[in-house]
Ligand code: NGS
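Shown below, as structure tokens, is a lone chain in the form predicted on its own; questions about how it binds or moves come after it.
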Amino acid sequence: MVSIQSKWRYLFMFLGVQLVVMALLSREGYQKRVTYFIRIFRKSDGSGRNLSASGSDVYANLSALARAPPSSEVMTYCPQTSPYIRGPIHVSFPSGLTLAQVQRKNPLVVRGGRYRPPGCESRHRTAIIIPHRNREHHLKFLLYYLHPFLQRQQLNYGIYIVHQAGNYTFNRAKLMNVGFREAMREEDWDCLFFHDVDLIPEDDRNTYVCDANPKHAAIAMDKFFYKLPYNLYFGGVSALTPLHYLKMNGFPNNYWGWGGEDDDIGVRVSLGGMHITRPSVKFGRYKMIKHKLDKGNDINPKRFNMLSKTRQSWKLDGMNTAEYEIVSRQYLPLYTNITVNIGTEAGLHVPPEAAQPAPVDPAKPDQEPLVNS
């Protein structure tokens, strides 16, 4: 009898421990706790250091960038591999950061968020397209890290923030269609990176240049414990050449709300006769700025039904059907802000008061009213 009672006691103790663990994991901070324990047992990268905890200051070697040579001197092309690339970057989110501070730390970035290497002719022209609405807190951190990250790679680059006007449900993919078209109006970019505002790159060996096929750069995010969640995942940060974009008919315009558009885009890559490439999992690391689901960006309940029809709809819904109205174009010190009316599920036109630009920087903008279809 004593033996049976002991077995029951141990069983209840075991169940109690399980319940405690489940309760801990169900709390809001579960991911931080799990990540902590994973870091304890994770193997090092062979150098005896934990990659997620190490890394250099992203601004550490920017002072070494050469100034532009005299105008009479012919500039040669930059090296194939930039000598300023250093690998892992330490990422943190200090309080009190302002856009003015970011601007002071990036004196070579000019109006509209444009940059060219001062000492050589870049081999690559890359536009960064960032869909955006009411995420100024995240944007300042992304700009703080992204500008020096790109400068270390000796890129000729420009940063475009595509800001959805009004309060209607957010449409990330349609904003990316707008970003592609408007960026290509300004310059003949040879690569376009479509970048979520809350993802910070953690290694500058993850170069922001395009491959022969569409590239998914955010292969290892901290929220997925630095692993690819599934093979067809194409979310977070991705890169296309203009030819890739044309082959897949751009992005879908009908995904209103959170979810589904990344998988639709991944399917379009295949339907366009291409495949997804990715950097090494050691290089394609990103830290996400933690946040709750945005107001006006609720989960899209139609996403699975829409995904099941991508093979039938991809040629009928994309770059060839993207309708929008430019509300304003602002050339700010750290980026070009394009405020756009993309309408609603019912169509393009919405009440005028819903299509006013939301100021995101105190600088005085240049505005260019424009209508596109």
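Numbers follow the displayed sequence, beginning with 1. Treat the numbers as computed from the prediction; the structure is a model and nothing was measured.
As for the form predicted in complex with the ligand, it is not shown, yet the points below apply to it.
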Counting 3 or more ligand atoms within 2.4 Å of any backbone or C-beta atom as blocked, would the ligand, superposed onto this chain from where it sits in the model of the complex, find the site open or blocked? open
Can you pick the one in Glu182, Asp222, Asp262, Asp211 that has a heavy atom within 4.5 Å of the ligand in the model of the complex? Asp262
Considering Tyr115, Tyr84, Trp258, Phe141, which brings a non-hydrogen atom within 4.5 Å of the ligand in the model of the complex? Trp258
Can you work out whether Arg303 and the ligand are in contact in the model of the complex, taking contact to mean some heavy atom pair no more than 4.5 Å apart? yes
Heavy atoms within 4.5 Å of the ligand in the model of the complex: does Val327 have any? no
How about Leu62 - does it come within 4.5 Å of the ligand in the model of the complex, if we only consider non-hydrogen atoms? no
Determine whether any heavy atom of Tyr233 comes within 4.5 Å of a heavy atom of the ligand in the model of the complex, and answer yes or no. yes
Of the listed stretches (99-107, 143-151, 277-285, 262-270), which one has a non-hydrogen atom within 4.5 Å of the ligand in the model of the complex? 262-270
